[in-house]
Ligand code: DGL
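The chain below stands alone and is given in structure tokens; this is the form predicted on its own.
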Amino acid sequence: MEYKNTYNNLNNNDERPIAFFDSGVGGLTVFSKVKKLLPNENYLYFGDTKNMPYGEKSEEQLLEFADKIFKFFESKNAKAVVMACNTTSAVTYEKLKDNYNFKIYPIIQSVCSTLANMNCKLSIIATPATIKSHAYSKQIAKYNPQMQVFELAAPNWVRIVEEHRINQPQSILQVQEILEETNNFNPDKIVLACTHYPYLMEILKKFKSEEIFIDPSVYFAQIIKNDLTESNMLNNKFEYEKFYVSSDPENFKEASKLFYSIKELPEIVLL
């Protein structure tokens, strides 16, 4: 991956924020892990709740959403933007990556070399848009062309999380049905290739051992830390974290509780 680095601070005190975006609360799975590794950074987070779920949107729509969010983060002087959303990473990264003055970290392109090194049979469960792009299988094949990868769309899982329906019988059935489809491939590991999906772990482990599931955000957070460290772009004092949404801040704050406790209501920003 190629990153722009227009800021080289030899004193290692780059106070500009690290920004994250996703269609909703899913990206908080990445945000929380990065913040744990880099507690002294300033942070921005944008949840595009008005246009959620991204997995059902066209490429043209996703490019429009991502470009507006990137430009918003430029206006906030972000030093790096984390594409915590697998769908936008799959569909928009290659087309937009050179258009802005900050580093861009796309989740799929960042973690697939690690996944390829596992050298096992992988099932990828993701949104319809991510599966349609075959982004995971293509990226993994660059590093390990012999690896067996089975891709499967879970079109309802994002809404289960965003609409707080995790404990409803219909939701449990929808999760079970997708997991049963993976049995046809008999995978060694199952990649939860949407940042919303780790929220479903309490359901997932009813049907399969928790050890079989891979949360890519674990590897992603470490990659981000390593790169910012090597680029001498770390901050040494935390001052703020700010959350933004495109609609329904109350629902976002409530849905976020599983992974990160937001103290104040996010600010509504219409892009």
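Sequential numbering from 1, following the sequence displayed. This is a predicted model, so every value here is computed, not measured.
Keep in mind that the form predicted together with this ligand is missing from the display, and what follows is about it.
Q: Even though this ligand is not shown here, does A66 get within 4.5 Å of it in the predicted complex, heavy atoms only?
A: Looking in the predicted complex, residue contacts with this ligand do not include A66, since no heavy atom lies within 4.5 Å.
Q: Are any of the heavy atoms in M52 no more than 4.5 Å from a heavy atom of this ligand in the predicted complex?
A: Contact with this ligand, yes.
Q: Using the partner position in the predicted complex, report whether C194 sits within 4.5 Å of this ligand, counting heavy atoms only.
A: Although this ligand is absent here, C194 would touch it in the predicted complex, with heavy atoms inside 4.5 Å.
Q: Applying a 4.5 Å heavy atom distance criterion, does V158 contact this ligand in the predicted complex?
A: Yes.
Q: Just one of 80-88, 174-182, 113-121, 97-105 has heavy atoms within 4.5 Å of this ligand in the predicted complex; which?
A: Stretch 80-88 is the one.
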